[in-house]
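Take a look at this single chain in C-alpha cells; it is the form predicted alone.
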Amino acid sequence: MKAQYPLLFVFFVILISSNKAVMGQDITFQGGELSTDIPGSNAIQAPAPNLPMGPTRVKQVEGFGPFHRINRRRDGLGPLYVNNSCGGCHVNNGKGSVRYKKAPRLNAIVIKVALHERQENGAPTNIPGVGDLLQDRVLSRRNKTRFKRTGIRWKRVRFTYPDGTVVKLRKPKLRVRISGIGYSEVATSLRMTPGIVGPGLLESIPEETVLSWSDPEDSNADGISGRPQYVYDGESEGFLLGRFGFRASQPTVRHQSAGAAAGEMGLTTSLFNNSDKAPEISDSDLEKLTLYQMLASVPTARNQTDTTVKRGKQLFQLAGCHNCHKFGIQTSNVEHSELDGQLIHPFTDLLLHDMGEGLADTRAEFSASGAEWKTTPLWGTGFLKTISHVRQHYLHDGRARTLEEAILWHGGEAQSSKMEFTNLSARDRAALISFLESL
C-alpha cells in the first residue's frame, strides 16, 4: 500500500499542473491569426487579417452582397418565407430580434416543425405542404400557409439561490395548429438567430479531435457523455459530422448557408433544389456567401488582464464549464491555409449533450433527442452586444434574457456545473459572468 502513495502524489501534481496551464492560457486572440480588435461589426464581417490580397479575398468581400441583399420575387424569393435576406435575421452578422406574440409574425425567431416519425436516415420528416419550418410571410394573397395559428404561453419559474437571491425565469410553451394535422402529431422546436462568429474555424476543428472528447457511455464517470452528431448529406450520399445549428444538423458553412436560404427565404441552390429549374442562388454566389463567413475576422477577447475577469475565468474552469465549452483547440484545413494550424478559443466541443427536461422540446433531429443540444460556442458572447441595437437573448429559443438566466436553465449533463455556479457568492457569480461578457 505504501508504494501507491508516490504514484497518487504524482497524479495529483500532474492534475494540478494541467489545470494551472489551462487556467493560465491567454485567450485574447480567440480566432488565432484571424483575430482582430477593429471595432464594430467589421470585426466579424471584414476579411481576416491573415487573408492575403488575391482572388479569395476579393470573393470574401463580394460575399457581403449576397448575405445582406434584400431578395425579391424576381430573385426567386418565396412564395412563402421568413425573411428576405440573411442579414435580416443576422443583424450586422450578429443575433436577430427576439419577439414573441400569440400569433407571431416570425422574423429572427423561427418555429421548426416535423412529424414525429423520422426518415430512414434519421432526418426529421417534413410536414407535406409546410416543410421543416413555418414560413409566415407570403408574396401575395394567393400564396397561403397551412398553419392557422401559433401560440406561445409562458411558464414562470422562480429560482432561489442558497444565499436567498431569487431569479425569475421563463419557459415558452409552444402550440402550433396546422390544417389537417392534430396538435399531438406535430413536433416543434422554437429557435432564435445565433451570431456568426468564426464558422470557418469551427469547420476546421479536426473530426478526430471532436471524437476524442466524446464519451457516450460516460466511462470516466464525470457525468458528461457528449456524442457526435452525424447528418445525412445528399450531395455525397453519406453521413458527415454535424457542426452548425443548435443540434449540429449541418456539416459545413456551405450546407448551413444553403439550408437557411431554402428554409428561411425559399431560395434554391445546387445543394437544395427540388425543382427541375436552375438554382436561384448560383454556385458562384453560394461560394462567395460561404467564404464571406468562413474567412471573416474573429473579435479578440477584451479586458483579459482585469482582476474580476481573471477571477471569472478561473471560476468558469473550477465549475467545470470548460469540460464542454472547450478552448485551446488546434485547427487543420487543407483547403484554406488561413484556417490551418490556428490555436483558437471557441468554447465548444461541437458535441451533443443532454441538457435536461427543462430545455427539451419535441423535435428530434438525426441522432439528437429533444433534450440534446450542441455545446454553443461562447466566443463573441459579449462582443455581439456592441454591434447592433438588438437586445441580446440566449439559449436556443431566446428564453434567457441574461447570461445568468441561461446558466440557471442548464441541467442534465451540465447540472453539476450549474450547482457549482449557484453555490458561489454573489460577487463570484458576477465575476464569472463578467468573464463571459469579455468574450
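For clarity, every value in this text was computed on a predicted model and none was experimentally measured. Numbers follow the displayed sequence, beginning with 1.
Below, we refer to the form predicted in complex with a small molecule, which is not included among the displayed structures.
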Are all three residues 130, 272 and 288 in contact with the small molecule in the model of the complex, where contact means a non-hydrogen atom within 4.5 Å?
-> no
Exactly one of 344, 301, 261, 231 comes within 4.5 Å of the small molecule in the model of the complex through a heavy atom, and that residue is 261
Residue (of 30, 375, 45, 60) lying close to the small molecule in the model of the complex, criterion heavy atoms within 4.5 Å = 375
Residue contact check: residue 355 to the small molecule in the model of the complex, 4.5 Å heavy atom | yes
Any chance residue 337 has a heavy atom within 4.5 Å of the small molecule in the model of the complex?
-> no
Does residue 119 make contact with the small molecule in the model of the complex, using a 4.5 Å heavy atom cut-off?
-> no
State yes or no: in the model of the complex, is some non-hydrogen atom of residue 34 no more than 4.5 angstroms from a non-hydrogen atom of the small molecule?
-> no
Since the chain is shown here on its own, which stretch among 209-217, 231-239, 178-186, 262-270 would lie within 4.5 Å of the small molecule in the model of the complex, judged by heavy atoms?
-> 262-270
